[in-house]
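Let's start with one chain on its own, the form predicted on its own, as structure tokens.
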């Protein structure tokens, strides 16, 4: 009989359960002060919610809700014995963060129009215009400040990161803004000594309305998570050059090792097989193909970390819809594959490729069957 020794640090990590809930502003307003002691952070959708009674980081993804999601917020909490949360106060940083021994939640908002356009990408402003230069500089600054916080707190491993970029598909000085963002993100990763393939976080990048700031929020840990790739898809960091000079930096999913609670993070997933978009123009078919990709990720996660640990029934979904008029078709496609009680939030956002009409991300807990 083989026994496994668990160190005191690992035992504490196992005891800490990360929890995700979608709660209304009214529900949050009714929570007692003791409840807020375990809140890592709160995310509003179209705008930052006003939080009374809790001193926590508050972010907004700047993407309008659709359907019945008007008043909801995304709330990240931790549960476990004797958990102490601390608020961050990094010097000369725009990052707001809160953390416990094992986990950290942070957010940063930058208005690119208020930054100087200078950037070390593509040789600085000699090669690019002010519009592109401001975006490149804002992205570099955001990621540099994020990595500085992680270094300071020793939460060195990004688990999941959410990027919201205004006018993601618009051309700026001869290139798409999403591709410029990818170039600046990759430079910031390299300059901070971060891996750009393999052990990179789960992520998404969505388009917010013109005039919005760049909004980024993230989860990080002191222990390395397990990264999951999709056998049906080319890893994003290995995309061919036709998708941009620099590839996106994200894993298709990741799992928090030995954790309880919310511990599976499925990146923004779309109707892509290999590296190509399929079912162009057909939002119903794109939704079904996206769910096939999520199923493949669940199977791969179960293969990597243990059989039958994750299933559709244990997932909470966030669905990004490019055209609000497609909401009914997307809801119909999902209703045929998910239980009525499934937690789904719908948001209007542009997707990183103009031929993609829907993108779906998910978080999950262990247990259940598909």
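Bear in mind that the values here come from a model prediction, so they are computed numbers and not experimental data. Positions refer to the first chain, counted from 1.
Same protein, other form: the form predicted in complex with a small molecule, not shown, and the subject of what follows.
**Asked** Would residue 205 show up as a contact with the small molecule in the model of the complex if we use heavy atoms at 4.5 Å?
**Response** Judged by the heavy-atom cut-off of 4.5 Å, residue 205 is in contact with the small molecule in the model of the complex.
**Item:** Contact label in the model of the complex: residue 163 to the small molecule, heavy atom within 4.5 Å
**Value:** Residue-level check for residue 163: yes, a contact with the small molecule.
**Message:** Would you classify residue 356 as touching the small molecule in the model of the complex, given a 4.5 Å non-hydrogen atom cut-off?
**Reply:** Taking the distances in the model of the complex, the answer for residue 356 is yes, it comes within 4.5 Å of the small molecule.
**Asked** Does any heavy atom of residue 214 come within 4.5 Å of a heavy atom of the small molecule in the model of the complex?
**Response** Result no; residue 214 lies far from the small molecule in the model of the complex.
**Message:** Under a 4.5 angstroms heavy atom criterion, identify the one residue in 250, 218, 265, 97 near the small molecule in the model of the complex.
**Reply:** By the 4.5 Å heavy-atom cutoff, the listed residue in contact is 250.
**Prompt:** Considering 362, 352, 349, 18, which brings a non-hydrogen atom within 4.5 Å of the small molecule in the model of the complex?
**Reply:** Selected residue: 352.
**Message:** Taking a heavy atom within 4.5 Å as contact, would all three of 156, 189 and 226 count as contacting the small molecule in the model of the complex?
**Reply:** Result no, not one residue of the spot touches the small molecule.
**Stretch in contact in the model of the complex with the small molecule, which is absent here, among 190-198, 294-302, 268-276, 75-83 (heavy atoms within 4.5 Å)** = The contacting stretch here is 268-276.
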